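A single chain comes next, written as structure tokens; it is the form predicted on its own.
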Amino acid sequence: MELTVTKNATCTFCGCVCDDIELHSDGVRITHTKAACVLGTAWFKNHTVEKLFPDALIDGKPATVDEAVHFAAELLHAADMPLLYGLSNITCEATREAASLAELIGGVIDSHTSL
């Protein structure tokens, strides 16, 4: 297998959004990280390009992404006060979109850090 080096990779794991990380991969797994903290290294090394799961699930059964989006939209529309939870491993732009979605659907946002 050929070694691939990706420079200036961005890690979104803890929210610091470090963007000076170098990743070495063998085409399937990341084998080495440079300039990543312990959390980032563990996050990168435990993600693969292997497809282990279907693109989406509805009630535990494989579904297309379009079907899952439609189903999620129906659930959110029917909810009284939907909770958007987590958001710790996403970008600022994605957080902005989540806040807009919560406002649109009358929902609330909570972070895992509230624990």
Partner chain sequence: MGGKVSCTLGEVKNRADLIIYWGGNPAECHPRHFTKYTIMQKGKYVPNGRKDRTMVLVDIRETPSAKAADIFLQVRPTKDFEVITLLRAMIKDQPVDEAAVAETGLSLEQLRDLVARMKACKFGVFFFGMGLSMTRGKHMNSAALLTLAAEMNAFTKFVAMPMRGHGNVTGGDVILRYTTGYPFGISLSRGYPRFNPGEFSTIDLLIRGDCDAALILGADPGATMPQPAIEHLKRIPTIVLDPKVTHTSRLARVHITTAATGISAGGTVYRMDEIPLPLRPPLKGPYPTDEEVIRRIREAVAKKADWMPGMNGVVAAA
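Values in this document were obtained by computation on a predicted structure and should not be read as measured data. Take the two forms, find the largest set of C-alpha atoms that superpose within 1.5 Å, and that set is the rigid core. Numbering follows the first chain given and starts at 1.
This protein has a second form, the form predicted together with its partner chain, left out of what is shown; the following refers to that one.
At the 4.5 Å heavy atom threshold, is residue 3 in contact with its partner chain in the model of the complex? Result no; residue 3 lies far from its partner chain in the model of the complex.
What residues in 69 to 102 sit within 4.5 Å of its partner chain in the model of the complex, counting heavy atoms only? Read in sequence order, the residues that approach its partner chain (within 4.5 Å, in the model of the complex) are 69, 70, 71, 72, 73, 74, 75, 76, 77, 79, 80, 81, 82, 83, 84, 85, 86, 87, 88, 89, 90, 91, 92, 93, 94, 95, 96, 97, 98, 99, 100, 101, 102.
Has the Cα of residue 18 moved 2 Å or more between the shown form and the other one, judged after a core fit? Yes, the C-alpha position differs by at least 2 Å between the shown form and the other one.
2 Å or more on the CA of residue 9 between the shown form and the other one, with the rigid core superposed, yes or no? Yes, the C-alpha position differs by at least 2 Å between the shown form and the other one.
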